[in-house]
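Heads up, the chain below is alone and in the form predicted on its own; it's given as structure tokens.
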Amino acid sequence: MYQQQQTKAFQQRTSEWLSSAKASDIAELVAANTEDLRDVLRFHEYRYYVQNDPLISDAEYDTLFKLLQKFEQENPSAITPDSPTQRVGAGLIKDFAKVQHLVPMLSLENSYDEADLLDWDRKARDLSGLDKIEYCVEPKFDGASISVIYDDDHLVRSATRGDGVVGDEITLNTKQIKSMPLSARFSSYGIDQIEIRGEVLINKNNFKVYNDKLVEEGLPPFANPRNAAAGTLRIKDTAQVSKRNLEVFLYHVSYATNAAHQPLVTGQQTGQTKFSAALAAKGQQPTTHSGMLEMLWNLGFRSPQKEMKVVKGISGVIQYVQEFEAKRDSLPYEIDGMVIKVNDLTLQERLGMTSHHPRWAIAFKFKARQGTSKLRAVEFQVGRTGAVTPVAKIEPVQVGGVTVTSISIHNEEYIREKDLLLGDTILIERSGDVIPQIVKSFAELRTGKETRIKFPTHCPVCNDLLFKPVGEAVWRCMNIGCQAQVVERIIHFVSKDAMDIKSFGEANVRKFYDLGLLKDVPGIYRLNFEAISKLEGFGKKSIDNLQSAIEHSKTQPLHRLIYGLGIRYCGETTAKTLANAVNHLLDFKDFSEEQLQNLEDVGVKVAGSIYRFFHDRDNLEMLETLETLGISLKNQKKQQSVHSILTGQTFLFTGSLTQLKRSDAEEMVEKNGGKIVSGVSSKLNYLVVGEDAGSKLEKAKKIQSIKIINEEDFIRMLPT
């Protein structure tokens, strides 16, 4: 879409706009060059969301975006449908209208092993009369299928797959997906109207962040990224859709016409794709499936052009499929297999269809990460915030290489939504490192002997009456002295992401508590090691290690202590925000809720929770006790020298470090005033490169302002 020469031109235009942003006549400049400003913004959207290779900072993009937004607000008649501002949430959708796809979205034949692929290839060769066929192999994305239509180069409609013939219209929601172009120059290929198939995804990192947030709020997490993507597409508040950072891959053209409304694709009613021979001969349309993916990529779509591979013969297909399955878990998004298509569009037409699926394509499914089991019992556990969580006890089943016997079923509402009964046959799913989830129950397999799951009215540990706050789905034990809560708070405090007290795992916490050696968090620093030495399994070395780990925890940075306190809604990111806001932790007792809300990403609910924690006398006494026991409540970073060489500098690490752990290196940066960023952009000052560095290094080489250094260079930068 943007060749090197064009890229340089856009960079020049970007610089001109940024340098003019505060000029007194900027309104006149925008009015006279509105479309140029839109083009510049579209270019940077493409670099960021499609190529994952930004050339300007978020702040610089926001500056240009606000120039356009202000002009359009003052001149609404100048707004165009494909303006970058039109991605902004348009409010609430009343209902999703039912719409018919131009061409039915049919299913593919599935294969599960090498023998299936060999048999499919044999049939294709027999029908075609060829000794060897060229195939295009691409990932089978595990997301939500959609169909999009462009008329006169503009996105006019998006729809879910539905039943394959009719789906729900979701145009406003797909406009919130930054990698979905609002317009594309299909006219340059002689195309007036086009229907394209695609898959909406949420990448693994965004999925984890969103699920962690749900768990913090006491809500059930999504079972997998696919459910998260599909659920997001059906949200009626477009502003909320925009916040979930969906992505989209477009991978198949099902329908196309020219300006005279003559079909450019033959066999459309059967889902085949073949552009007319006359236009293809002129070079106006692709003649292969891989060429179609390249066309979409060149027009600014995120097609699987970089992930696909064209191979001659089925042996190359099998090899590529095996390579992709081996690296499945390292990909940023979920895939559940590979799709193999005959590459030549003319040959696709010759091979035709069965009554159910095309003969020219097949889906190879990776090893199953689902399994069925029986729901035998439900136990109720009490967490550190008093939340009562039901845990399903199931018949052991292998899912994704792990034997699953217990699964959290989150809360009472989740049980009703999934229609779970004791004795049900259930479908279990586990994707990558995601915690196993119950996908559904099989109501049709019930015998009549299944029974309802009864939720307790009293705490299963201390027997206090349970309480469900207004607007929440979780029942809670409000007794902060409840044994289960105390133990869970201690376990959280010593955990790796909190105070990181090695040798002090969950088993030891429970053992010491049951024996009366540990009663609360401050008790960690008052342990009777003489009594512990008399316990089986605690020799001198293990006790020395535990003592050393406890002593070391006293010097942990403030954000770890804050996270370890287990304040409700306060995750690791919020803990860092809080730590950076004060010189001493007890300063928060003087903060109002309004002051807390002024901190980055601290909303009303989070601010209320933090305020209550630091205005509770018992909590303040605990913190004062911890300080007397030697735990630092001071923000060491606030007191560091402003002349530190790392102050104000941003760092990113890539590849394998040989002298330092990645987490330790990042902590050294922050301790010395620097900041860790998540990706390569012009905001990055230093990329520290270890062994086997990947795409981040290649991206950094394209941005002149980034200094690329090795691990030894980084260590030399640190104060001695």
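From 1 onward, residues are counted along the sequence shown. Remember, predicted model here, so these are calculated numbers, not experimental data.
Beyond what is shown, the protein has a form predicted in complex with 2-(butylsulfanyl)adenosine (IVH); the following relates to that form.
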How about residue 118 - does it come within 4.5 Å of 2-(butylsulfanyl)adenosine (IVH) in the predicted bound form, if we only consider non-hydrogen atoms? no
Give a yes or no for residue 430: in the predicted bound form, does one of its heavy atoms lie within 4.5 Å of a heavy atom belonging to 2-(butylsulfanyl)adenosine (IVH)? no
Consider residue 358 of the chain shown here, and say whether it contacts 2-(butylsulfanyl)adenosine (IVH) in the predicted bound form, taking contact as heavy atoms within 4.5 Å. yes
With the partner left out here, check for me: in the predicted bound form, does some heavy atom of residue 482 sit within 4.5 Å of 2-(butylsulfanyl)adenosine (IVH)? no
In the predicted bound form, the residue from 547, 107, 528, 406 that sits within 4.5 Å of 2-(butylsulfanyl)adenosine (IVH) by heavy atoms: 107
Under a 4.5 angstroms heavy atom criterion, identify the one residue in 244, 492, 157, 197 near 2-(butylsulfanyl)adenosine (IVH) in the predicted bound form. 197
Stretch from 406 to 414, 244 to 252, 589 to 597, 468 to 476 whose residues place a heavy atom within 4.5 Å of 2-(butylsulfanyl)adenosine (IVH) in the predicted bound form: 244 to 252
Taking 2-(butylsulfanyl)adenosine (IVH) in the predicted bound form, which residues of 120 to 152 have any heavy atom within 4.5 Å of it? 138, 139, 140, 141, 145
